[in-house]
Each structure stands twice: as structure tokens, then as C-alpha cells.
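Here we start with a single chain on its own, the form predicted on its own, put down as C-alpha cells.
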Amino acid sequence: MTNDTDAPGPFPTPPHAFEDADGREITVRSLASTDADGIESLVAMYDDFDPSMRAQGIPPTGEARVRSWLDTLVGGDAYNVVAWHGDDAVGHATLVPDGDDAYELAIFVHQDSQGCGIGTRLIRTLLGYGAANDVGHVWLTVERWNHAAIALYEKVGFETMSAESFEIEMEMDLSTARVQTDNTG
């Protein structure tokens, strides 16, 4: 039996407000397909995304491709959270069902907002959102030279399951995750 100290978390659920390392007020909220303003802000963030920061072909480039990609993510069975600074999207994370009772995680933080703790809070809130919605198994792939991302994933509790190619596969069992109900700070 897994005791509470072995379980991942605690992970906050959206909405989750905090101050980043630059002193900006950030709020992480879930994103629904009906949130037209939120989707437009996310399109703007991705349209301004530095192409050199792309990994594994995502996020796509060009507004039409970004919109199509977001339609798939937000309009389907994926769980999405967005980090907001005022009305501006500064980060996005998603859990996409893979058809095998598991979810693939992807996270993107705009280059102007990296290194401020937003990615850590964004991924933790996404994991809380997933756990609160009975997501059990989460996995991801990361390019092996992306040391900052690997450190982030390990910090929140992901474990390496395969490191045989240029990508590392990592996973986490959320079925026993602890969810935090006080979502400030």
C-alpha cells in the first residue's frame, strides 16, 4: 500500500495564483473550448513563440497551424491550463489522451517568461487538474539535451522510463497523487 508520503504532490488545481520570481502576479486557469478570448491570447503567445524554442515539431509555426493545433487540444478530451499575466497568456500545458488509458504531457512557456518559476507552477497545476479528473498515468518525451526541462520534470516527480534514443521518456502515476485545495501562493 502506498502511504501519503510516497504519493506525488500535493498538486494545486486551477485556478492557482502566485507571484513569479520577477514579482509578476500569475494565475493558472483551465482553458475550455468556449473561452474565445483565452484561445485568442494563446494564439498570440504561440505566434510570438521563438521558433528556436520549439521541440519535437511543436508548437507549430504560423497562425493557421497554431489554430488547428489548439482546436485539436482544446476541443478534444485533453486537459489544458494556461498561465496568465493580466490578459496575456505566458504559458500553456496540456494532458492529451493517447488512447491507452494514459495522457501525454506537453508544456510551453513563452521565452520572455522562462526562468521565473512559471513552468514549475504550470506543470504542477496541470498535474493537480489531471489528478482531480481521475487521470492515472502521465508520460512525456523530452530531448535528452534539454537539461532544464528534465530537471523540471524530475523536480515534480517524473521518473525516466526509457533513455535509449535522442529523446528521454518519462512517466508519473497520478492515481495516488495528493491534490492541494488551497491554491494561493
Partner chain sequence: MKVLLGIGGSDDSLDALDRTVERAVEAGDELTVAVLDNPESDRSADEVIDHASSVLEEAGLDADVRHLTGDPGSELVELAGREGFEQVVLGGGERSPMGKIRLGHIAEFVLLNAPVTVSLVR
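Residue numbers count along the first chain shown, from 1. As the structure is a prediction and not an experimental result, all values here were calculated from the model.
Beyond what is shown, the protein has a form predicted in complex with its partner chain; the following relates to that form.
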Taking 4.5 angstroms as the heavy atom distance cut-off, pick the stretch from 130-138, 114-122, 24-32, 53-61 that is near its partner chain in the predicted complex.
53-61
Check whether residue 164 has any heavy atom within 4.5 Å of a heavy atom of its partner chain in the predicted complex, and answer yes or no.
yes
In the predicted complex, residue 20 touching its partner chain (heavy atom, 4.5 Å)
no
Going by a heavy atom distance of 4.5 Å, is residue 101 a contact of its partner chain in the predicted complex?
no
Whether residue 169 contacts its partner chain in the predicted complex should be assessed with a 4.5 Å heavy atom distance threshold; does it?
yes
Taking a heavy atom within 4.5 Å as contact, would all three of 69, 97 and 106 count as contacting its partner chain in the predicted complex?
yes
Even though the chain is shown alone, can you say which residues of 20-54 have a heavy atom within 4.5 Å of its partner chain in the predicted complex?
none
